[in-house]
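Below, in structure tokens: the form predicted on its own, a single chain.
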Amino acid sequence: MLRKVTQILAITAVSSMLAIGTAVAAPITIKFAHVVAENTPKGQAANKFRDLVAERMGDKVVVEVFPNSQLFGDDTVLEAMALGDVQLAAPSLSKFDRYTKSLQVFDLPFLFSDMAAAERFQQSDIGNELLMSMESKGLIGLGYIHNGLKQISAHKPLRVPEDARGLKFRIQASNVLAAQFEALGAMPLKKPFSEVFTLLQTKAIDGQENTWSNIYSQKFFEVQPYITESNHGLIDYLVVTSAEFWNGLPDDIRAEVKKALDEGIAFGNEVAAQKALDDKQKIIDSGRSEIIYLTPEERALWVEAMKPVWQKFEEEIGKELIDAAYASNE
């Protein structure tokens, strides 16, 4: 009898040890949700990160990527992150104004002359400080993914600011972007990215602003006969995680995940630069949209019309921050 009890206790102990071993060995799952197609810069950055983690940390960490708003849209993903339903997201920088007013700097029109200037600012000490500007709200920024400079598409040609007067434009949920179109006498409408194609197709809106890669991948050019190459603003994304999740990772795991993420972002940013050129050419080759190229004089009119937006948000964003961003052009 005693031997039987001993055997049972031994079996129970082994089972417990196996269960503990299994629990320890279970990989950490990181759900990465975003709203764009996999062939976009953000989509490719996310997939590259996933693949690097699988290659280097397959038995410790698993990254699951959910593109095209499959899991959450940008308007709900941060709430889902707070609940632990998703661990990584990369909303547009425009989506964070309810958490910090500082990131509104990236929405200011005609702030960056080109993507190199935006990159210099983001990699500066101030740009890195902005990554931590929401930590008190439970969010930590991990890096900037480029998409590119924005163009304006519409159902009619837009050559001077007056051409936009009275038109309805879809914008992201950003007060700065709303003020930008209001400065043109246009009507900004805050609508989800996933609805833009249908809104354009049904002419519920007259136009939208976006990068070449988004205009191509989402087929906006098929339902917009005119695209003005304005390069008036920036669409970049902030890879963000919850402070609770990130700080709760073991130090060695966190360091390896961050290294893979940095490499994924760098890859995505290289893709962004090339896709801006390639996708613009594909749109031209399609013959579906006419590209309108502004003369220096016409562009100056757009700058003049939108520049008051800087002053309107100077107090919220901070003059020093705006000046530092603008100085990246030099």
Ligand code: LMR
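As the structure is a prediction and not an experimental result, all values here were calculated from the model. All residue numbers refer to positions in the sequence shown, first residue = 1.
Missing here is the form predicted in complex with the ligand; even so, the following discussion is about that form.
Partner-proximal stretch of 170-178, 248-256, 154-162, 134-142 relative to the ligand in the predicted complex, 4.5 angstroms, heavy atom: Going through the listed ranges, the match is 170-178.
Partner-contacting position among Thr241, Ser92, Ser230, Gln122 - heavy atom within 4.5 Å of the ligand in the predicted complex: Spelling it out, the residue with a heavy atom inside the cut-off is Ser92.
Distance check, Val36 to the ligand in the predicted complex, heavy atom within 4.5 Å: Contact with the ligand, yes.
Contact test in the predicted complex: Asp74 vs the ligand, heavy atoms, 4.5 Å: Yes, Asp74 lies within 4.5 Å of the ligand in the predicted complex.
Lys42, heavy atom within 4.5 angstroms of the ligand in the predicted complex: Yes.
Heavy atom of Ala186 within 4.5 Å of the ligand in the predicted complex: Looking in the predicted complex, residue contacts with the ligand do not include Ala186, since no heavy atom lies within 4.5 Å.
Residues within 4.5 Å of the ligand in the predicted complex, restricted to 215-250 and counted by heavy atom: Counting only heavy atoms within 4.5 Å of the ligand in the predicted complex, the contacting residues of 215-250 are Ile235, Tyr237.
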